[in-house]
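Only one chain is included here, represented as structure tokens and corresponding to the form predicted on its own.
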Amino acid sequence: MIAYPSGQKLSKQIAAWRERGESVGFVPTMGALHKGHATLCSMAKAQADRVVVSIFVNPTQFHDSQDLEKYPRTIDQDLATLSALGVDAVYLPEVREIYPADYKQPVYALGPLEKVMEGVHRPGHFQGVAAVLDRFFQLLPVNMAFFGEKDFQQLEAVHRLVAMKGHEISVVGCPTIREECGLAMSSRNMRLSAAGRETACSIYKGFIEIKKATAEVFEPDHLEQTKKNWEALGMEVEYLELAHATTFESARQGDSLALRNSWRLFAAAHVEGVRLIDNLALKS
């Protein structure tokens, strides 16, 4: 495994692989790797001949500067993990390479994604995600890019970016990897105490309870009761929504849920000051 601080040098290596007829899978990360990232790498290895992973804490996707400052950074551990996974190359760019002095961030037409849930609570977040991925896809001529479904809105933003900019790359969504209690794996989980982690496990448990209680017609009472249960545990709940998996419009009282595969539960909550997000298909 070779670490590349230079996108130009890595691009030449990727081009050489592709000239030999080898496909290249790409897993963009912000580091602090966990089993979810390992699964993405494994899926990439199963579908591509070569795997490239980036580690870059992208400043443009953080609305809260303190959140950026507190984001865990474990580079030595991450490199050891990737080496053990058999990754071929790691991209470790500096901010100035991704965003040079003359860089002007475009405005990406991401539609309703920026007006609901994560788009409302993290203004500019999806613009920042689109900006960094647009730069990665310009710099690195990879065939496929792999993303976890835990960030479901973000996954849709990537699809829209690729279509909008005409990047010749396949976007592969991978199922959320969960801890034994159901908590979605996240780099942020390492900031939780043991008690905080136990509280955070209630997010998934709440999802399961809502799924069991939800009939073919939407009633918001189940969501409201789950919010109250979470708040009683000390969570600060930003949102809990049942929304359409394609349009991201929230369900309204009386809406038909007969096509259960079309709906997902989405939530964001703070536990011990750590912001956690999750989502789950109404039928899975």
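We number the residues from 1 along the sequence you see. Worth saying up front: this structure is predicted, and the values here are computed from it rather than measured.
There is also a form predicted in complex with pantoate; it is not shown, and the following applies to it.
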Problem set entry | All of T39, S42 and T176 within 4.5 Å of pantoate in the predicted bound form, heavy atom check | no
Exercise. Within 4.5 Å of pantoate in the predicted bound form, heavy atoms considered, which of A200, V129, V142, A184?
Worked result: V129
Problem set entry | Of N189, Q154, T81, T214, the one that lies within 4.5 Å of pantoate in the predicted bound form (heavy atoms) | Q154
Exercise. So which of 54 to 62, 216 to 224, 251 to 259, 233 to 241 is the stretch with heavy atoms within 4.5 Å of pantoate in the predicted bound form?
Worked result: 54 to 62
Problem set entry | Contact flag, Y108 vs pantoate in the predicted bound form, heavy atom cut 4.5 Å | no
Exercise. Heavy atom to heavy atom, is Y204 within 4.5 Å of pantoate in the predicted bound form?
Worked result: no
Exercise. According to a 4.5 angstroms non-hydrogen atom cut-off, is M30 in contact with pantoate in the predicted bound form?
Worked result: yes
